[in-house]
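First, one chain by itself in structure tokens, the form predicted alone.
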Amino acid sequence: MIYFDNAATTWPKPPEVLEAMNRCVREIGANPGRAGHKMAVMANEMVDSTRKKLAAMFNIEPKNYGRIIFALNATEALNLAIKGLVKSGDHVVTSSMEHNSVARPLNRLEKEGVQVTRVKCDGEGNLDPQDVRGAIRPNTRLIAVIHASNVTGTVMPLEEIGKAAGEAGAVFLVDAAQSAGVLDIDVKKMNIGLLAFPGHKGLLGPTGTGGLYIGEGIVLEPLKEGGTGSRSELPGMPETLPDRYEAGTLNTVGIAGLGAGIDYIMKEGMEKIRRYELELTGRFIEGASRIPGLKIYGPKRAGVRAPVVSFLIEGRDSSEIGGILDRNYGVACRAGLHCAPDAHRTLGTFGLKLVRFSFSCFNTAEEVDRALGALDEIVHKNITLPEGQGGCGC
């Protein structure tokens, strides 16, 4: 199997991730922050250790590591950020390249009296910070932007947008689903007030992990209520962080794996990993340019994008191409709208859909070449799926 679906979930994971999870089950196992016995203390120390690793990665002040809230994924984190901050009468600025994890909460809030401006990106998915500035109103409460597109790999100019948000007194929310562990993120330099991230993608942790950094001075309404292990006498959630937003038992085993994934990135070097992933991206883009009818969307230079490439083959159904790659060649990829219909409307591919390859540090140049060979054969031999076997895409 050639696995090119790392924008959804990275696979395989470093062996250290599995080892950390196994150790957590065997030796820690208890509920963090809920008791004073040794196992519970060990669990709490491990969870706090992972928070501190994330704080270091995102240049969050060490004293604020408790402002990193663990969630099941970036989607839950984004819902907490958006629904916990924005109220009727507020205005939100976002882009036309957003994932449904941002678009759908905003669509719902529009029905409840929130005003939303979706700034149009260009044909490669680029967002002009001046257009963001022009969309800001006196009641703009939030500017929400994806860091790197999960469709085109386009990287947004966060520093300039963060500056505009600061000047307007708006909170800057960044969706780091495709960038955490892949691109440099500096919450100070970029003036990021809310940073949502998954643990199971570029951070190399397991599924069921992710989180939200909440900047100083930002108060959100909790998305859920329940047990916290602290201030149990209160009728509502405590004010202290992270307890205010972490109702119920955390995914302790998953957080142990996430911590190990971050350790792996720090040991190997994020710049080294990124350089390698972009070498694979560039190799694919260069090879694909020689296949007749294959059209790539997004920036053509690998160095200015995340390791995500979406394409179509003219005259062919993208879902069928994804199905052929899987069934005939053992290439796992993603075909469809990629949970980002607004991005496809921006690119003009909503009705066409695209095939997406996304690379990780565990892929090889040989795998890229084999996939290119498969695509070339599909085109030149006009390979199709047998009748009755439809393609797969969403």
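When you see a residue number, it is the position in the sequence shown, counting from 1. All values reported here derive from a predicted model rather than from experimental measurement.
As for the form predicted in complex with a further copy of the same chain, it is not shown, yet the points below apply to it.
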Original post:
So which of 206, 125, 162, 181 gets a non-hydrogen atom within 4.5 Å of a further copy of the same chain in the predicted bound form?
Top reply: 206
**OP:** Using heavy atoms only and a 4.5 Å cut-off, determine which of 221, 268, 131, 286 is in contact with a further copy of the same chain in the predicted bound form.
**Re:** 221
Subject >> 57, 214 and 299 each touching a further copy of the same chain in the predicted bound form (heavy atom, 4.5 Å) >> reply: no
Subject >> Any non-hydrogen atom of residue 365 within 4.5 angstroms of a further copy of the same chain in the predicted bound form >> reply: no
**OP:** Spell out, yes or no, whether the shortest heavy atom distance between residue 147 and a further copy of the same chain in the predicted bound form is within 4.5 Å.
**Re:** no
Original post:
Is residue 249 one of the residues lying within 4.5 Å of a further copy of the same chain in the predicted bound form, judged by heavy atom distances?
Top reply: yes
Original post:
Looking at the partner-bound form in the predicted bound form, is residue 90 within 4.5 Å of a further copy of the same chain by any heavy atom?
Top reply: no
Original post:
What residues, if any, in 221 to 236 have a non-hydrogen atom within 4.5 angstroms of a further copy of the same chain in the predicted bound form?
Top reply: 221, 222, 223, 224, 225, 226, 227, 228, 229, 230, 231, 232, 233, 234, 235, 236
